[in-house]
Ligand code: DGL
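Take a look at this single chain, the form predicted on its own, given in structure tokens.
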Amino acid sequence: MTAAVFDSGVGGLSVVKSLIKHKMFDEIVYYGDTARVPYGAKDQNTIARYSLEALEFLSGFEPNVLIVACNTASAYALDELRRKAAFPVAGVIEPGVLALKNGGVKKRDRVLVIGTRATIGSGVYQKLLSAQGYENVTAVPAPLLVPLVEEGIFDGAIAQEAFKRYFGDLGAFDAVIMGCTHYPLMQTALGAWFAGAKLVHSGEAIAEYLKANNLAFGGADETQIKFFASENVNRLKEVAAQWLNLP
């Protein structure tokens, strides 16, 4: 069984890591639109157009499912992708909310959602969390974190300055949803900044979400991964080797 995974860049590797852990697919075809990352600064029509172009490319591999491992594309293009695709399409926002619920976060806990400007502006996380009864939700865009991750900067002085810019005046939270699949690559640094908060992301619950929606197959003895990118695929492979512990 084959899963196609699409992201604006390297961030979707945080979802791939979970798919490998749970042995869900024999093959994963990963496409990162690295030439046009980040999507979070684009308008809705552009995001949808880029996402449909990715669908066209990945359709050639005849996958059993497409996982849109980009929160921004999930927020703005998921419905259109589902209409056009000849196979099921899953996003990552609902699994992100599922991960929060599975993590034992109480309905009155202080929850922070961080993501790209487009994802936060869509209000999708806020609506889903409200529907689940979460009463104390703050949503903050942190767009500079995406290009930092694309440059392989997961911690250090530059990252800390970005954290200070976006989160310096926010106070304490009980849980933080990393509403961009790039952010888990900075999880160690973010965990230190939000000391005491539970950090969650969609990769933690993607397997459960796929199973619940009959999109999981399981039983893979080994997962083969093919990497493609719209620019500099070697850089994508370098980050993948580091993040996924590939030989």
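Heads up: residue numbers just count along the shown sequence, starting at 1. Predicted model only: the values in this text are computed from it and were never measured.
Below, we turn to the form predicted in complex with the ligand, even though it does not appear here.
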- Query: Any chance V146 has a heavy atom within 4.5 Å of the ligand in the predicted bound form?
  - Reply: yes
- Task: Look up in the predicted bound form whether Y39 has a non-hydrogen atom within 4.5 angstroms of the ligand, and give yes or no.
- Result: yes
- Counting only heavy atoms and a 4.5 Å cutoff, which of 192 to 200, 59 to 67, 209 to 217, 176 to 184 contacts the ligand in the predicted bound form? 176 to 184
- Message: Pick out the residues of 84 to 104 whose heavy atoms come within 4.5 Å of the ligand in the predicted bound form.
- Response: none
